[in-house]
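In what follows, one protein chain appears twice in different forms, each by itself as structure tokens: structure 1 and structure 2.
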Structure 1
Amino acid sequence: MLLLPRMASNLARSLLLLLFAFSICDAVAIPGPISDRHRSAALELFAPHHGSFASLEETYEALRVFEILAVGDKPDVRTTTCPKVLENLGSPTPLKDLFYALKVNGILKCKVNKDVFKDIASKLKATVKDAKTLVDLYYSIGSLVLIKDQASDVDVLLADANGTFQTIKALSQSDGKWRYTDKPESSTYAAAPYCQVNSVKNDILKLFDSIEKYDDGTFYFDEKLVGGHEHQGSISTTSSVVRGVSAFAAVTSGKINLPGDKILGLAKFFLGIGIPGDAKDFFNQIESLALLESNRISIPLVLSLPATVYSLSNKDQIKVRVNTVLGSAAPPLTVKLVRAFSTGAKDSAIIDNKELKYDQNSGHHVLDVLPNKVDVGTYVFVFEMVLHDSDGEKVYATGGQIHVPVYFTGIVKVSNAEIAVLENDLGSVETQKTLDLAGNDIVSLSANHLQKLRLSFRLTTPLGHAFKPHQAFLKLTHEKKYEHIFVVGNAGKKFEIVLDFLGLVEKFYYLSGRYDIELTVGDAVMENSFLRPLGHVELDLPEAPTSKAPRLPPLAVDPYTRYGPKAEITHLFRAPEKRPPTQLSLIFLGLTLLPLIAFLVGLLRLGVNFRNFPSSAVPATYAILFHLGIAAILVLYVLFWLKLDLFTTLKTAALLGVFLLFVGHRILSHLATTSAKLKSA
């Protein structure tokens, strides 16, 4: 028995019941072929900016992905891309940019002059002759191959093929790996370019000796450093190897003896990563799958289930689909269910050697009827693909026996549910009531600290076997919202819990009163999982001793209360100050204007005199500016009265004051000088 006070809110606990169902889907996610989700992701990851991509490499990757996935509403970048292609082909360009310009041109078919191809071919031949690194050889020879495909009459043959071969061989390593640059470190990633320009099968086989493997038969390549400085992940490394091996297999006359399970394992790796969020990884995934689908070594076939959770109550049929990695139809074949067994009884098979029926309309292989031995729980179904044409085994990789986890859900029977109040010492029943957990029965009980509360019920599967759910909790909630959770134990089919209130008084904080009773029973394969109120019990507990009175813990905060919408706040503003009557304000305004009126009247009475106004140009300018500054000060006073705030007015007045100080000093100096000259005369 386990007591967990102050658990999370009711909503959080009820949602916990659903996590097991979701975990089923995650745990048995079987990678299927490429779907429309990949096409939608391609349009999102390869979205051009202002009608074009950042580089020709990105342009090629986008166009290649659209081509492989047959995306219908792909963006049109021909108008903006072809000028870039022609520019890179017609001017000195780094080998990598030239390589991708030719790749883009192979898809867009831009109008390139034949003489341009001839000029590029001659330069590339010279580069191959002087190349010192594998990357230069890769881009140079790869570009010559692309020119041959786009302009067949251009001479791309190497004059010294044997010398080129020896240069490549000098970069080899004994483990099948290669040096990517002039540094001595070997690289799995660099082996792919070698495979595309060399013809040594043994090195390819050595390379596959370093392949990594998961327990489910997934194969991949991985390395941490390339050339001692560049990091390559498992996706790019595995893609590089697939690209190189496929290119070599396409041009060699013989067959590469690679096991079909490794080819199928590589396909599982690329399908198992789902939809990468990075455009480069997405391109590597799609192109690798396209190469695996069309390679000459072994074409992988993918067995997938539309669903791995089936309902016994709905009598769901088990359906299996077989496709190539890109979703194309598989050759004629038969899918057999070799055996099926429960994970709890691996030695006891419920199905043996059952052939699934092929539905031509849906393209599924269907197991229409399940045997009566199938009960709720987890099973492992072992499938096997058998090709109708025996020669097809040389072309396709089926992977042998394929183990698939399958979940069966159903209605679990809940019976013999009882709740009772027992006497503590004798264990005799004082009150006992029968519960219908499938209905809405509510009970009302009462007990004291010397009594016990017992709850019991039975759970059986559709076949009558004992069933143990993932969750079986009994919760008591006090009227003050304090919660107590107990785990309901079981012995076989019977689940029972007995709460001894005498030993729980401290856990209950000596709180008497009403406790609501709630039962939670849930499991991922139990279709009728429930969280059900059973009623309440009036509990009479003793008063807490003064010396050891427990402190009540803080109540758990409902997440909806903490993070949900808050109550609307109504702002209360201060009441405006009482203002004087309008007439009094107007009278005060008139009084403030009296000094200005008196000044104007004084000017009229005294008369305006311009005799001392300077006649020279420079002093006259200072005099005019001085009077304009005075006028600006007066205008500023008016604006302050009407609209300006105090700080704006003070800053403006400070600037005008500096201006007036300067021009006023100048004009007053002129007047003083003139006056001194008149007196001396």
Structure 2
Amino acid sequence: MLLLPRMASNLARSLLLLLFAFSICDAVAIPGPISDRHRSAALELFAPHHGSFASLEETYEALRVFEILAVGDKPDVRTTTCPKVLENLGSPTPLKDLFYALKVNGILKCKVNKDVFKDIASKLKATVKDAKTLVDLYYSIGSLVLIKDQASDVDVLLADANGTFQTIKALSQSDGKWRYTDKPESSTYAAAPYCQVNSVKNDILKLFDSIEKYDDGTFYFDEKLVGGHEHQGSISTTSSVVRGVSAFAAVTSGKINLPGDKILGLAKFFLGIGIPGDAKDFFNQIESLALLESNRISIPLVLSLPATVYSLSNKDQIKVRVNTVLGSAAPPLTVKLVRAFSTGAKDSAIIDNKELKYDQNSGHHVLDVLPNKVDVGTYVFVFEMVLHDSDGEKVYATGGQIHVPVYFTGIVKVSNAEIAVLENDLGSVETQKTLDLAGNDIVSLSANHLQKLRLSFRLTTPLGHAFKPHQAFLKLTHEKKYEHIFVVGNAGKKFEIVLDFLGLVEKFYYLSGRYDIELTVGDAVMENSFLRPLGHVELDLPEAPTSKAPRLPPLAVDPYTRYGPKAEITHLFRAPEKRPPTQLSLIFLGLTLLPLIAFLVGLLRLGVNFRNFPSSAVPATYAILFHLGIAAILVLYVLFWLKLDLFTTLKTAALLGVFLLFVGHRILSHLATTSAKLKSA
């Protein structure tokens, strides 16, 4: 907004941007109530797959969130979910599934037969009687309560309520799991002796002693204090406490003495989360906020500012909104601005005790006129809500005085800018030029190492006070990209910097030549922050003495290149060997065949024949197998050459070898005996 137009890539500029971003982030410290952003996030987080959710628990969470947020175009899961609910109710299922099936049914109102409810109720009663764990008890009693809500004529009253209560108490102590805050929602509680309820009440107060606190009055519960076996985040822990306490408050007649600021702190905790990315957290957040909004102890009211950055030049009005946590309208009330002070001067208030006007149309409380004392800068506004209805104090938690940081931005006047080159010894002015920093004046100067460069300007706020921006930098950039940054100091309204080139010769690496001058003046509350080139100065510096010639440092690397592509790595490969032309190789392949042909021709000439081949069947078979075996081994060798590895080859060769040995022995011994017979004959 202020600096963005001329933001570019170099470091100083990105620093400005960062600083600006931080200061703006800081500004939105107060979490607003649930808004439409939550609604769209809910639709994204709870998107059913193919018309249904993965489990009944998820279905319940999604439906409950849609119900609380009153999301209009929610996905229709009724047709797919109702059969699932009926299936879970009709057949024996784990207690947890039954519990969530009943919960989903409570929202969807599927058509369930009365007898089914009766059946489940009797089964659940049996479960309650001999439940061994607290979780079982929780699910079964919870289910009974749900049945009571959905089918009022089914008898869910427990025969031995007192005994059940004792079991719960015993289990909650031995289990070590402080889920007891969930328990009181059982209707059996009505039957429990009043004094015991009172003791639970005390326990709740004790539990709230373990609440944790952030600096800004945000309260939450953490797991280690509530004490459980599985690890759960503080969101789910806090939300289960909220659930339990509000349920307990709903069934007891007595007033629970919880301070309103703790309730408000819990609300702040849930709102401060923003929009969680996890469906479970989202559900916990929304449900807890809904419970906080409708609880009987005290309803938190949230004061939020649509904007905490105001422009003095636009004459913005300060607007305040008061809502409940879910964003619905607050009861009639007046917002009072108790006081407002600058963060620099905490003692002198600029505004004291002023009532904000309520604008019926927009629903905002507006501070219409700002006192003239308001200058650019950071202020803290302290608001207080006063309910018109005096009984409201008991029902609503307003949180007393609320401190809100507010930023006022404005146009800072830049004047009397001039740049001059001075003679060193006398301090007399060599050349002097006035600048209009708001315009596009460019100067071109020249100086040597015996001279000085002076830049001065004045900054005044709209009220004529001195203004010290976050950043006032002068940058000299040599042609070879070497940068030198100087901070421009101030005395009151006057900013001045004198560069004595004699002392800077070494810092400038003895580099003569053209230096570009750039001035940066920036602040988060300064609407006309600027970063502009002032021109250039031609510097004539002496040669570096040879004895200590400074080595030029490497240029700063642009930090963004770290995320860019790396330099390509070129690999060195061995140059391929020279190969003969293909034709020559083919010719020689043919030539190697020639001796083979000659060999065959020679055999024919010799009159070779197969007369010695055995004629009777068995030896002939062996002879053929012998030759086939040799051929097989040769083929195997070729395969070995082409693709097989040595191990496979050796294994196969061993098998073929045994076979070849056998048939070879047979045929050769046969031939030997026949030739021996022939000889002897």
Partner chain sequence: MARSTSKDAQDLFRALWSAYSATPTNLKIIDLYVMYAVFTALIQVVYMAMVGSFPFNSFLSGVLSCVGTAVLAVCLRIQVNKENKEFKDLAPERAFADFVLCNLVLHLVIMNFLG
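Here, residue number means position along structure 1's sequence, counting from 1. Just so it is clear, the structure is predicted and the values come from calculations on it, not from any experiment. For clarity, a rigid core is taken as the largest C-alpha set superposing within 1.5 Å between two forms.
Asker: Eyeball the pair and call it: which is the form predicted alone?
Answerer: Looking at both copies of the chain, structure 1 is the one that matches the description.
Asker: Does the distance between the two CA positions of residue 656 reach 2 Å or more between structure 1 and structure 2, the core being superposed?
Answerer: Result for residue 656: yes, a 2 Å-plus shift.
Asker: Cα of residue 645 displaced 2 Å or more between structure 1 and structure 2, core superposed?
Answerer: Residue 645: C-alpha displaced by 2 Å or more between structure 1 and structure 2.
Asker: Look at residue 345 and decide if its Cα position differs by 2 Å or more between structure 1 and structure 2 after superposing on the rigid core.
Answerer: No, its C-alpha moves less than 2 Å.
Asker: Core-aligned, what's the Cα displacement of residue 623 between structure 1 and structure 2 in Å?
Answerer: So the C-alpha of this residue moves 21.1 Å.
Asker: Superpose on the rigid core and then read off how far the CA of residue 505 has moved between structure 1 and structure 2, in Å.
Answerer: For residue 505, the alpha-carbon shift amounts to 2.6 Å.
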